[in-house]
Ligand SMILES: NC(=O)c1ccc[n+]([C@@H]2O[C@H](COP(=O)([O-])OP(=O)(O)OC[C@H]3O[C@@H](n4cnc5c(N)ncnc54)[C@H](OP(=O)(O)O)[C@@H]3O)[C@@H](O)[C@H]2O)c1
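Just one chain follows, in the form predicted on its own, and it is written as C-alpha cells.
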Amino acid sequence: MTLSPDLTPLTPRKRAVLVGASSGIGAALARELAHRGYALALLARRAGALDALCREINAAAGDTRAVAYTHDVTDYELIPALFQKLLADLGRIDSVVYAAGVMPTVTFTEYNFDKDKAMVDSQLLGALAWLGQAAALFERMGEGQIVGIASVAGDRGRVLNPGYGAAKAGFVTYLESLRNRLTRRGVNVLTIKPGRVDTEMSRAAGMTRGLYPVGKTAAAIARAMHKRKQVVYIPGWYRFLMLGIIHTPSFIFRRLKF
C-alpha cells in the first residue's frame, strides 16, 4: 500500500474512493470526477499506471485532486484498515465506486476454474469486501453513495464466458440488496450496466466491434451519480436491447452464440 500525502487542500470538495482506477472505465471516471471537482483516492494494483494517472489529473487541475494507493482487491484482510486510512486521509468520504475486475479470454469450449476464480475474486468478492465497508459507514452517516460498475453480461446467462457473467450477476444482486437496505437510510446505490466499452480489457478479450467510447461512458456515470440514479445502462438504448434479451424464451436463447 502506498501511503498518501496530506490531503488538506482537498477538504472543501466532494470526496470519493475509486477502486480499480488505473485503466479502462475506472481511469476515465477518475478524470471525469476530478474535472467535476472531486477529491479522489484512487486504488489499483498497477502502481506505475496509477501514479501516472494521478500526475495527469493533478497537472490538469493545477492542484492535488487525486492520490494513489496501490492495492490488490483480493487482499481482503487488508481492506478494513485501508478503508479507515482513506477516511482519515480524506477527512470524509461521500462516494465509493467499485470498478475493479479482470476478464480473461475464455473460448467457447473452455472450462477453466482458475480464470473463473480470478473473475469472481476481483469482481464479486472484492466488491463485497469494499462495499460492505462503505455501506456500514454511509448507514451511520445517513448519507453517501455507492457505485458499482457491473455489466449487461449479468442480466442473462450467455454461452460466452460463464464465469464473467456469473460474477457480474452476483454483483448486480448484491448492489440491489444494498439499495433495498440503504435507501431508507438516505444512501444511494447506483448500478452501472455498460455494454461493450472501448477499453484495453475489452480489446484484449477479442472485442473489436460496436465499442462505446470510454470517455462518454465515464461522463454518463458522473451524470448518473449527480442525479442519484439507481440503475443505468450505458449507452441508454441498451436498456431496451437487454429487455428483449431478458425476455427471450430459453429454448431460443440457448441457441444463440454470444
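Bear in mind the structure is a predicted one, so any value in this text is a computation, not a measurement. One-based numbering along the sequence shown.
Another form exists, predicted in complex with the ligand; not displayed. Remarks below refer to it.
**Request:** Consider N112 of the chain shown here, and say whether it contacts the ligand in the predicted bound form, taking contact as heavy atoms within 4.5 Å.
**Result:** Answer no; every heavy atom of N112 is more than 4.5 Å from the ligand in the predicted bound form.
Within a 4.5 Å heavy atom cut-off, is Y164 in contact with the ligand in the predicted bound form? Yes, Y164 lies within 4.5 Å of the ligand in the predicted bound form.
Q) Is there any non-hydrogen atom of V102 lying within 4.5 Å of the ligand in the predicted bound form? A) Heavy-atom contact with the ligand at 4.5 Å: present for V102.
| task | Look up in the predicted bound form whether T191 has a non-hydrogen atom within 4.5 angstroms of the ligand, and give yes or no. | result | No.
In the predicted bound form, segment of 89 to 97, 136 to 144, 73 to 81, 172 to 180 with a heavy atom within 4.5 Å of the ligand:
Correct option: 73 to 81.
**Message:** Going by heavy atom distances of 4.5 angstroms or less, which of M225, A44, A34, C54 would be at the interface with the ligand in the predicted bound form?
**Reply:** The residue from M225, A44, A34, C54 that makes the contact is A44.
* Counting only heavy atoms, which residues in 165 to 195 are within 4.5 Å of the ligand in the predicted bound form? -> Counting only heavy atoms within 4.5 Å of the ligand in the predicted bound form, the contacting residues of 165 to 195 are K168, P194, G195.
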